[in-house]
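Shown below, as structure tokens, is a lone chain in the form predicted alone; questions about how it binds or moves come after it.
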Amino acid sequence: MFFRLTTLTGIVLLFGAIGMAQEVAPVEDWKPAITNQEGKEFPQVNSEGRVKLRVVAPDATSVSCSFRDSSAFVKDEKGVWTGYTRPLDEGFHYYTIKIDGAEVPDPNSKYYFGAMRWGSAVEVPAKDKDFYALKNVPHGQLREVLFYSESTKTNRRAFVYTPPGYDRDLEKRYPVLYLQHGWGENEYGWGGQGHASLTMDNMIADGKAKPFIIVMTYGMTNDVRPGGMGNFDISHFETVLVKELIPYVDANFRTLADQPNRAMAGLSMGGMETKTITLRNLDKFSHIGLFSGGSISMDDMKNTEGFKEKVKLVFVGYGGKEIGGGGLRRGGDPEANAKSLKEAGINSHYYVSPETAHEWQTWRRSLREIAPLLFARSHE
């Protein structure tokens, strides 16, 4: 009996210790997130990458958040609920607050379009955030344009980044990168959560990238609900991009309107769109970038007429947490595919973002890595 009680006591103490370990108090060096609405003190982020969330809901009976493994939210005497997340990866994260079972945006956060809705997000400062920081350098412009799509009978929106100095030298023309968002996002993604403009401003100022125009538009043409991705027919968007948007951009901006000076890249779904559209239109595109969206294999090269002659760059980027331990392998092993292409004489580059997964910090870094390679005179 003594043995059984001792054993039972040990088990209780063990599980108690595990529970205590899971409830280790966060480091108290909180700072308001840069993604907060003006004047809002919460959410706050600490040096561990944990996020403190606070919501005023005096009549609620339960409050939680969409981050997994978060602490229980505790209500104080004023009806303010507070909870903490686990340590999060560096970078940008969408989330919702759940109040009595209803998932709602956090009223303290700025709103971003992701997961098929406008909602909350929080930025966990990254160690390498300097490359997309707002600095005292010459800045380009992010211009909103509306163009009519005859194929869909709709007016569509695109955002166009023009590099610093675009409006000063009216004779100069620029290469163009068509840059696509991921599933559940839209044309606001790269300019907002992706910081594409600031990244390019800084790289151009540092002499690390050649100035070029970036065009960002919505990558779908039909109403596809979550879970209905199988119904998406990329050929309709291909028509919009190749036959309508490209001619519009070339007619309204000072572009170098030829195949050697046109690139396409995208993240996740946008990467898969990029692969399909570029390989079917190598008369239009010479530079290809896939961020967490598959890779290009030797079979793709062999089955695509003119690939070796027309493709000037293949870039594939992934987050380290996506590919480790048998992670994502859309279209085969991306590293092996990249190596095979390089051995076949293709200007092929493979990049792994340290300690990030299928998330914006991976894709921000991928843009930083591909930018110096685009439209470069030398690919050494």
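All values derive from a computational prediction rather than experimental measurement. Start at 1 and count along the sequence shown; that's the residue number.
The same protein has a further form, the form predicted in complex with a further copy of the same chain, not shown here; the description that follows concerns it.
Picking from 296-304, 128-136, 279-287, 262-270 the stretch near a further copy of the same chain in the model of the complex, with a 4.5 Å limit on heavy atoms, gives 128-136.
Interface residue among Glu144, Asp206, Asp233, Asp258, judged by heavy atoms within 4.5 Å of a further copy of the same chain in the model of the complex: Glu144. Between the options Val56, Ala336, Ile34, Ala344, the residue in contact with a further copy of the same chain in the model of the complex by a heavy atom within 4.5 angstroms is Val56. Taking non-hydrogen atoms only, Asp76 never approaches a further copy of the same chain to within 4.5 angstroms in the model of the complex. Contact check for Pro87: every heavy atom lies farther than 4.5 Å from a further copy of the same chain in the model of the complex. Under a 4.5 angstroms non-hydrogen atom cutoff, a further copy of the same chain in the model of the complex lacks Tyr174 among its neighbouring residues. The closest non-hydrogen atom of Lys243 lies beyond 4.5 Å of a further copy of the same chain in the model of the complex. Along 262-280, a non-hydrogen atom within 4.5 Å of a further copy of the same chain in the model of the complex is carried by no residue at all.
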